[in-house]
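So this one's two forms of a single chain, laid out as structure tokens and tagged structure 1 and structure 2.
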Structure 1
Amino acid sequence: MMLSVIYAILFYAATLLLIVGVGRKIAIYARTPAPLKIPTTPAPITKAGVVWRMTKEVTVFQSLFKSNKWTWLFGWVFHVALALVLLRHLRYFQEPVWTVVALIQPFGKYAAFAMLAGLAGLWARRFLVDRVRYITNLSDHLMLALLVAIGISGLGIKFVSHTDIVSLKAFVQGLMYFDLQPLPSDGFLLVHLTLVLILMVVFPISKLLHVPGLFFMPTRNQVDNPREVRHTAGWTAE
């Protein structure tokens, strides 16, 4: 039971740090003035066009596709597979499980392999591409290593050392309702949960903040109407 108490405290603390940390960064992004009108051309000339542009950036990584096809391929495969894996994990938080979550379980189970393949490609380019290797630092390698380790440990739970899924779900839902339940003590599970905790803590101070940061990029979220509307930088607004 002591193990359950320790991990419960850690998850509550990590969740608080994640929410506060990301919320603080988003607030900083929102307050940061954009002194220039700098949408990357060809740019939309209406707000609806900006919404459509951002939708394409979020779903198919349009600008990355135009920039580098291999990076786009590995990045898109990783993110789509990660989305499936995360959706599959929703079953631990739901009772009854939503139909759509139940339907993706077979796909989410094997999406972890695609996620690791995408990560391997993204990591390889940091060694093989000169200009990328030049700007890569230790934190980039450590973040990729953390994500790979999370994926491998998750596959270990599924294919190597099965854990008690019913007890794990009871523990997770117990955290949600402040009703502590015993946590299975399987090795792969504890490693997986520990790595997830580390990710939650470092997320607000890592490059993974590109997730919310994408929506605050002036090159993507600005309307190309400098002649029709006078652009102000915030501090010059009348």
Structure 2
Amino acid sequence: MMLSVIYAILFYAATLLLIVGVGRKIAIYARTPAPLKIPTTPAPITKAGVVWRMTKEVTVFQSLFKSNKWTWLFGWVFHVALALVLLRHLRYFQEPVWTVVALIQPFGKYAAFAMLAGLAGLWARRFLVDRVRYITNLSDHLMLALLVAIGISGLGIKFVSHTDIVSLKAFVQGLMYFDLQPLPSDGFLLVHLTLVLILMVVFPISKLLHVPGLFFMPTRNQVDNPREVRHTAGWTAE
């Protein structure tokens, strides 16, 4: 039970840090003015066009595809697989479970391997491509290491030492409804959860800020209409 209490406290703390940290960043991004019109052109000339541009960037990494096919392949596979994995995890948080989440359960297994393959490709580039090696900091390796370790430990739970999914779900639900339930104390699970805690904490202070940041980039989200609509913000509004 001691263990359950510790993990419960850690999860509450990490969730708080994650939400407050990312929320704060989003607030700062939203508050910081974009004084000039700087969309990278050709850019859409309507709001709907911008939504379509952003949708393509977020779902198929359009610009990255133009840039570099290998990075695109590894990066896109990693993100899509990650999305599947995370969707699949929703089942621990929901009762009843959404139909979509139930439906994708079978793909989850493969998603984990795809995610690891994508990560491996991205990591390999950091060693093999001289230019990418040059710009890589230690933190970039560590981030990949963390995600790989989360993936491997997750697979460990699944294929090496099963955990009691029912009581894990009870523990997670207990956290959500402030009704503490015991956490199964299997090795892989504890490793997995510890790594996830670390990920949550570093999220708002690392390059994972690309997730909120991406939606605020003036070069991508501005409408190309400076002659038609007078834009002012920040120092240009003074």
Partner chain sequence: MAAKFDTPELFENIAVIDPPPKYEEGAMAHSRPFVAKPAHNEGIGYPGELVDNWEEKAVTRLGELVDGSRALRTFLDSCVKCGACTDKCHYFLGTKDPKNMPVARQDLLRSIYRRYYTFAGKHFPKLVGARDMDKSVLDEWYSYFHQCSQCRRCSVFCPYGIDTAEISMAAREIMDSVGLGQKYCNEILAKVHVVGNNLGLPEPALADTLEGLEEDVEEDTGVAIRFPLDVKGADVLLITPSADFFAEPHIDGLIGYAKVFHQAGISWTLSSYASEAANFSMFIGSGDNLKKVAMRIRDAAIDLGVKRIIVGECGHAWRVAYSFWNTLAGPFDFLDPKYPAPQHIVEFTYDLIQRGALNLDKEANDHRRITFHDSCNVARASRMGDMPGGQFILPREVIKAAANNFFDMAPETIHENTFCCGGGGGLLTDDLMELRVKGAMPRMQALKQVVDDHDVNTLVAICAICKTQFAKTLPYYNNPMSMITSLHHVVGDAIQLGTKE
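Definition used throughout: the rigid core is the maximal C-alpha set that superposes within 1.5 Å between two forms. Residues are numbered by position in structure 1's sequence, first residue being 1. All figures in this text were calculated on a predicted structure; none of them were measured in a lab.
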message: Two copies of the same chain, shown separately. Which of them is the form predicted in complex with its partner chain?
response: 2
query: Hey, core superposed, how many Å does residue 227 shift at the CA between the two structures?
result: 2.6
